[in-house]
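In structure tokens, the next block holds one chain alone, the form predicted alone.
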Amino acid sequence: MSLEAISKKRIKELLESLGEGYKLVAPAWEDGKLVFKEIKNMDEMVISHELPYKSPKEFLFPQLERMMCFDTTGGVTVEDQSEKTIVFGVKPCDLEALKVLKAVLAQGKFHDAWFVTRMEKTIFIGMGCSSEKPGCFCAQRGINRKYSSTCDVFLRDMGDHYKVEIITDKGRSLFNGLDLKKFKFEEVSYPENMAQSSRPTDETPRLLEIDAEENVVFNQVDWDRIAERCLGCGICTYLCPTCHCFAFKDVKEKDLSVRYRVWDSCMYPKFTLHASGHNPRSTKKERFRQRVMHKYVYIKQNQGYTACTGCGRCIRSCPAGMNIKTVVSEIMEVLDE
């Protein structure tokens, strides 16, 4: 379902009307970086083709999350910090990451009630990218940077206008009762080249995938050489839109014991440290191998998705110049031999 098109000059006004009763999250500048943040003033919002420094993952899966409290009598209070939220301006690579997070955290025996509740209360409004950014390789991950249906509403860039496409019932609910005439939605022709933008072409690059048995990738790749430059800082995992490793921390606060969930990283030396003192991934090589195989082998085997969207955030921010695209390409070459 489409609502024709709306002038770009009126998009903030539209969002302000749609956002009544919702927390609005959108790209904005903070400390010199474009990030997703809660918008208090519409002048803060930045509408552009630039990919934000961080994905909107933290609004579904917070970096620090208060989960439950235990009092001295043994009573337990489960926390609910979720609220109705609109996340605006999400690019196709980050929308693709939602598929991975939902497959891991919203299904099966690892069903995460906190994540699911936030998902149910969140409406995503997607937008396309005009071009790949430095480090991006979404095309090699099979992602169309101009369009995604993995959202509730999508805005197609048509020059001076956005074509508004409503995809889900949640997206439609935003517009119920809205005076559309007020925003002067217009009938705008739909360029043929835009309609074809999601069709594969002969120029589509080879898909970046690891298609091999676990033991083959585990043993035939020179992981010592590949991981040599890695510093183990973990910034790649914190910026990744699909990473979801976490740890629990219990903290005493007055008369309560409070359980928090905090992000963790498979790149940290103590990530798999056992209580006995044994660490099955004690070396940098083993930890880096785990990260790559988790994304390109294990999640694909278990959930059917490769947990890398080609957003390039890890490449742009790595202080040692590590490049997961190059790493996977090298592995593919080894497997082709």
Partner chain sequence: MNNSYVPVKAEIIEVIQETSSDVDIKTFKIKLVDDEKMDFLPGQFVELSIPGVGEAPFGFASSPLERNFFELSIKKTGLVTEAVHNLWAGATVWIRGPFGNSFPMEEMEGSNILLIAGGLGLAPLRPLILYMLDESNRDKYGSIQMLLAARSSRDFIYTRDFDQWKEVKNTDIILTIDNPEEGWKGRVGYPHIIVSEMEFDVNNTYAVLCGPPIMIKFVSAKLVELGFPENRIFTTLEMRMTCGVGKCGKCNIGHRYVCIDGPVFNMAQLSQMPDEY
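Residue numbers count along the first chain shown, from 1. This one's a predicted model, so the numbers in the text were calculated from it and none came from an experiment.
The protein also exists as the form predicted together with the partner chain; that form is not presented, and the subsequent description refers to it.
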{"query": "Stretch in contact in the predicted bound form with the partner chain, which is absent here, among 91-99, 164-172, 151-159, 237-245 (heavy atoms within 4.5 Å)", "finding": "237-245"}
{"query": "Contact assignment for the partner chain in the predicted bound form, among Phe271, Phe59, Tyr305, Tyr53, heavy atom within 4.5 Å", "finding": "Phe271"}
{"query": "Contact residue in the predicted bound form, from Arg141, Lys133, Arg261, Arg118 (heavy atom within 4.5 Å of the partner chain)", "finding": "Arg261"}
{"query": "4.5 angstroms heavy atom contact with the partner chain in the predicted bound form for Glu214", "finding": "yes"}
{"query": "Arg225, heavy atom within 4.5 angstroms of the partner chain in the predicted bound form", "finding": "no"}
{"query": "Partner proximity in the predicted bound form: Gly32 to the partner chain, non-hydrogen atom cutoff 4.5 Å", "finding": "no"}
{"query": "Contact label in the predicted bound form: Ala275 to the partner chain, heavy atom within 4.5 Å", "finding": "yes"}
{"query": "Sequence-ordered residues of 93-120 touching the partner chain in the predicted bound form, heavy atom within 4.5 Å", "finding": "Val104, Leu105, Gln107, Phe110, His111, Asp112, Ala113, Trp114, Val116"}
